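Just the one chain here, laid out as structure tokens, in the form predicted alone.
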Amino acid sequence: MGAKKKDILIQFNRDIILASARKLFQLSGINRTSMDEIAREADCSKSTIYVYFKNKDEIINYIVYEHMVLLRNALQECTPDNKDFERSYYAICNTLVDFQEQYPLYFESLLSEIDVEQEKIQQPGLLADIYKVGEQINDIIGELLKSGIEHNCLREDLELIPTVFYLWSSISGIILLANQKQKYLKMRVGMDKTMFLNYSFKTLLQSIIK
């Protein structure tokens, strides 16, 4: 078999395994899905899976990476020139809401800790790719904040990097709470999910603008 055909076959088999894992993760959850179940869904032996992936964690990381790329690309479209801070800010908030609704399983995975040991992220490989995309996502928010400060929209005392993580964690936390506490918010606050999200995003924005 030629090298090109071999590469195509390898990619084909990897794609089948990843597609099977995605399906099972969605149905049963990541933690409750075993390698045996992935093998059955992919119609192959467990030993075959280990030819293409070191372990279940590597499969998870590949799928998380795919979704990080999707999110990065979507966020890039929110900030075409960074000239209108408020419009771009709300576009980012709404994009994250849409992403959580479409990929709830992986939205929470994006908030989990990534292995950032220096020697691992400096070497070519999946963990380095995940780290790189994560930094690109942070940079999108960072560039927007920098533009907001330069255009005199935001408080001058804001520290850029801490504020990036403040916004990222706050927006994500708001989205998770709005999704998980819908009945309680309706009963206690008198707001449906959309009303609470709009109120919270506006309040968050007011904490950083002049």
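Owing to the predicted nature of the structure, the values given are computational and were not obtained by experimental measurement. Residue indices: 1-based, along the sequence shown.
Keep in mind the form predicted in complex with another copy of the chain is missing from the figure; the text below concerns it.
- Query: Exactly one stretch in 37 to 45, 22 to 30, 56 to 64, 168 to 176 has heavy atoms within 4.5 Å of another copy of the chain in the model of the complex; which is it?
  - Reply: Correct option: 168 to 176.
- Message: Given that another copy of the chain is not shown alongside this chain, does Asp139 nevertheless sit within 4.5 Å of it in the model of the complex, heavy atom to heavy atom?
- Response: Result yes; Asp139 sits at the interface with another copy of the chain in the model of the complex.
- Query: Taking 4.5 angstroms as the cut-off for heavy atoms, does Glu150 touch another copy of the chain in the model of the complex?
  - Reply: Although another copy of the chain is absent here, Glu150 would stay clear of it in the model of the complex, with no heavy atoms inside 4.5 Å.
- Message: Just checking whether Asp84 would be counted as a contact of another copy of the chain in the model of the complex - the rule being heavy atoms within 4.5 angstroms.
- Response: Output for Asp84 is no: heavy atoms all beyond 4.5 Å of another copy of the chain.
- Task: May I ask you to state whether Asp129 is within 4.5 Å of another copy of the chain in the model of the complex, using heavy atom distances?
- Result: The answer is no: Asp129 has no heavy atom within 4.5 Å of another copy of the chain.
- Query: Hey, which residues along 13 to 33 are within 4.5 angstroms of another copy of the chain in the model of the complex, non-hydrogen atoms only?
  - Reply: Residues within 4.5 Å: none in this stretch.
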